[in-house]
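Two forms, one chain: they're shown below as structure tokens, one block per form, named structure 1 and structure 2.
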Structure 1
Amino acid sequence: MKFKNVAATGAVFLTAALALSACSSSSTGTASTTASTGTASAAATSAPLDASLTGTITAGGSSAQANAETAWITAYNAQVKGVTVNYDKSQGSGGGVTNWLAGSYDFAGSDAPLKADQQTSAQAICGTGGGLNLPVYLDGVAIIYKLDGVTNLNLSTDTLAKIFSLAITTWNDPAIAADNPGVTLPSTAITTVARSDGSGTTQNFTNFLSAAAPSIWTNPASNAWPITGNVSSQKGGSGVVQAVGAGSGTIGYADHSAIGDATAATINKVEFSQDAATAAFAAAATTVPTGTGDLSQKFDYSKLTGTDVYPIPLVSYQIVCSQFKDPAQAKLAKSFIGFVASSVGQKVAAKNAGSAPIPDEMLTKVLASLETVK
């Protein structure tokens, strides 16, 4: 309203707009400075950033990474003001990789590493070295539920697979009761809630189910939910969280950083925490390279049985060319991803986006791979 009044003359309008933009830039600047100074005491594993860089980095893909990307970009711009980073989360992982393969992105955010055929087509834009999958984002898949009268729920891997494959249909099933001694379970019907859109979260979760409970979950890992029947399918992680909260006897899965106030079940008695996710990565992730310097990760879920490791970690990648066509863009991308893969960058994301830090050992490898990018 006030704005309308001052907009009476063009000059006043312009001044107001300038004042507003100045305001907003200074406030974000302050926010990011506090974020970075708060974590600056932690040892940075990367070289100090070159503040003289200028240019634009265009990227996009995984929406799981989106909050972390925002935090990274804000913190990065606090130190390197001349570089604009545009991350388009509307593309999703698949769209990100497609656009990157078409040469329109400097890097792609993706919940899945490049497949063999994508690696082949990547050689067209990246030379014979192909693309590099750099794991930079770690989170967990949370199992959220709403069941009146039950505030603590524990599910074993097998029970989880039975519930989501619709082999168990009521909450007072003996299998659930066996996981929760002493808890009175109602006879409410179970409604599983899944993603209706294709999703890296679904990919990670079905990958976990097919690897950890292969005798019960017979479907292969897929980015589309394979079970049909009495399944509620919702758009986006927020749609799943909303539907679980609105229903009764509902259970669903979502990125842990996106569940908000929803109640999460413990898996094999392990509650999600950033430490537990980091520990899970350290314990079970092995590098399965698709090329020199590539860091595609594969989880050995059989190793995730301890009480301090979260059984369903979710890792997301930034994918870059091993050789950029434009050396100047290579320099920009290396600078930004170098910041993302520093322990400072990981802490910024952990604090602002709720993700778990990647273990330092892996960060060192990421930075080493990044060094080889030309």
Structure 2
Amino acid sequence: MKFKNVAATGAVFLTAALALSACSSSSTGTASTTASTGTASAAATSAPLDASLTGTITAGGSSAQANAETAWITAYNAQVKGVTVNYDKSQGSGGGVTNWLAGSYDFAGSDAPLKADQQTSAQAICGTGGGLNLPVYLDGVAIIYKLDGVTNLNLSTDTLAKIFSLAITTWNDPAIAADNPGVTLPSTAITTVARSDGSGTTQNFTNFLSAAAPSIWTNPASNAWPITGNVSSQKGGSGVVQAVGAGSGTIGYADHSAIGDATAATINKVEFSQDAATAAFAAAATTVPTGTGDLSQKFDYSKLTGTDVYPIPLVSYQIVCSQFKDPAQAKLAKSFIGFVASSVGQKVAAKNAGSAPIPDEMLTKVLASLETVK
């Protein structure tokens, strides 16, 4: 199935950002509206944006967040013109966390929360409270492929695990054929495309494979791709998308917002949609905090079996110190992330990156945690 690239550029970003910012309920720039989550929950509201703020925020990491970050920055700067927000998507989640732990970033974008050892390391820059994993971006891991003559492809969980573990090596394998009755599949060799850098998208995908097909995918879940052999290793989600598109018989994984016009498979006959991602979060996400105010999420993949629930959701975080060394930078980061975690910020990402809004109940928790940051 073909997905259109929903990310906009230039004037389109600005028009959408200004229009959504205008939904604010007060002239002071309060980001307040109701997220489109399919519920009647109250709007998640950030503190009023202080238009007099000036300074620079330096951040980077998750390439999955890249399109959303561009839109968020444009929308935020429509109201707070004196703050420059620099976000380096080239680092990937792994590089983002590494640079944040080194003190180079005010926050890191990551598709996976801090690991235990990273949380311990964070105490060196954040004090005893460590870092806070704040979920701000919800999407899905898309499985993209390029196979001449095949524009609609379904893959079951087990078949997907066999392909990426290299147990299935040709496209006319009986397992793929069983998932696609009536489809003529060529004998083309399969080339899998994976991330070469530390990737939260890899972490989310291997979390799914490990939990949903443990007898086939026997590798531990990790942000580093564990398979070698007939694998094309590429840096960043954009690198994976480009390599799949340039090849023949290729298959790879990337955040849905990054796939542009690539052809994506349905997984267990479920197509990615914003509603299906939101349904996955509601059905299977649980908060597993690593400390006070932390909102790390864990998915129970056994609950992601409905026809309206996307089975490979991806939740991405902005990771901040519980206590900044520089109070001025804390104020800037809280202002920007507060906008991102408001219902307006979520609508900006949904429109420009195709992501699903984080449910209002969780946004309220994110904003409460953010208020504790010093």
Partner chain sequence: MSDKISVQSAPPSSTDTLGSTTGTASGGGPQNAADASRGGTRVRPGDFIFRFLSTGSAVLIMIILAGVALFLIISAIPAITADWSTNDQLNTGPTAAFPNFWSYVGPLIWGTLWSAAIALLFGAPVGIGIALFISHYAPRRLASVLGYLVDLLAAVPSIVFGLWGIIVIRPFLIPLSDWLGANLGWIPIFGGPVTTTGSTILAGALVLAVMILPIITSISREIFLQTPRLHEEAALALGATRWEMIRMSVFPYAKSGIVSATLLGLGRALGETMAIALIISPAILVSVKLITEGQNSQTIAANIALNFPIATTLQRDALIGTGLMLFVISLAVNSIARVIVNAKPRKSKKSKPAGPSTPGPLSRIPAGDFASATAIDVVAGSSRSGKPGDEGPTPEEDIEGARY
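Since this is a predicted model, take the numbers as computed values, not measurements. Heads up, when I say rigid core I mean the largest set of C-alphas that superpose within 1.5 Å between the two forms. Please note that residue numbering is based on structure 1, beginning with 1 at the start of its sequence.
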Structure number of the form predicted alone:
2
How about residue 273 - superposed on the rigid core, does its CA move between structure 1 and structure 2 by 2 Å or more?
no
Determine, after fitting the two forms on their core, whether residue 132 shows a C-alpha shift of 2 Å or more between structure 1 and structure 2.
no
Note yes or no: does the Cα of residue 297 move by 2 Å or more between structure 1 and structure 2 after the core is superposed?
no
Core-superposed C-alpha displacement of residue 241 between structure 1 and structure 2, in angstrom, equals 3.8
Distance the CA of residue 191 travels between structure 1 and structure 2 [rigid core superposed, Å]:
4.8
